[in-house]
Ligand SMILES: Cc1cc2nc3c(=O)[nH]c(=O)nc-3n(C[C@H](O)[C@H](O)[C@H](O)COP(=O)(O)OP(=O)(O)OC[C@H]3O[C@@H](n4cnc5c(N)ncnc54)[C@H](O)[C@@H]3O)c2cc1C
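In structure tokens, the next block holds one chain alone, the form predicted on its own.
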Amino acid sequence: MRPIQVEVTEVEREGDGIATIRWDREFDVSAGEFGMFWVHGVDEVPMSYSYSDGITVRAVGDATEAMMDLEPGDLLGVRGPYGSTFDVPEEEVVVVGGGTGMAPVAMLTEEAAAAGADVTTLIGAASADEVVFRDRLSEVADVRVATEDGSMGFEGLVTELLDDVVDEKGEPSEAAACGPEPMMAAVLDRFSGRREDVQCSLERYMKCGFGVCGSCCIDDSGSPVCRDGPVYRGTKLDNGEFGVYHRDAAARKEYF
């Protein structure tokens, strides 16, 4: 599939080293789906959508650093959307996001609220400078923030805030998470007796985006994250990899 060329219309600085890039075309995309984004002359990388016409980026490599330098009028190549979506809850749901994992979490929060769900969204970040989408999501959900340095909201890890919220509001019907994998593993552990009620969106090294190259397959099921995921129910993550390690571009294990 050839990339579709879109023209950047806006680059909004969300926080320290984080930006949302919007363009001139909306895609038919649901929460959890991702695209393959090509920066001309640099590289192509997978990223979750944060809007139907936008992505939210943190500079962590050549492609994302180049994305941070994009300006209105610049072109970006897009393939997709690809992958599985979150099942949209219609009852009580706690949604947990960390870092740029807030991208699909933001879309899920809005979709669940539109479906009539009682949504509590927890935003985790190292500091207040890295908190994204708080104002956006406060319009439709009960939003709580956890920062590791205590500069905004709860001081500590977002999974610790999750414990407090569950104690306060009771067990939700469902939970969903996207962000650093050890964080998602902790969320799944919190609901270990009801793994089928937890959805997690995984990040893996991807080359093709649609299940051909095998670079994103997870141990030991061999499931290609780009095709079967990135969103998995907790019952599909009972293996030795989730929360422990992933693989780099050369398929070497990298432990979290």
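Don't overthink the numbering: it's just position in the shown sequence, from 1. Note that the structure is predicted; figures quoted are calculated from it, not measured.
The same protein has a further form, the form predicted together with the named molecule, not shown here; the description that follows concerns it.
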property: Heavy atom within 4.5 Å of the named molecule in the model of the complex - the one residue of 47, 218, 188, 29 that qualifies; result: 47
property: The named molecule contact at residue 100 in the model of the complex, heavy atom, 4.5 Å; result: yes
property: 4.5 Å heavy atom contact, residue 195 to the named molecule in the model of the complex; result: no
property: Distance check, residue 57 to the named molecule in the model of the complex, heavy atom within 4.5 Å; result: yes
property: Partner proximity in the model of the complex: residue 70 to the named molecule, non-hydrogen atom cutoff 4.5 Å; result: no
property: Neighbours of the named molecule in the model of the complex among 203-218 [non-hydrogen atom within 4.5 angstroms]; result: 203, 204, 205, 206
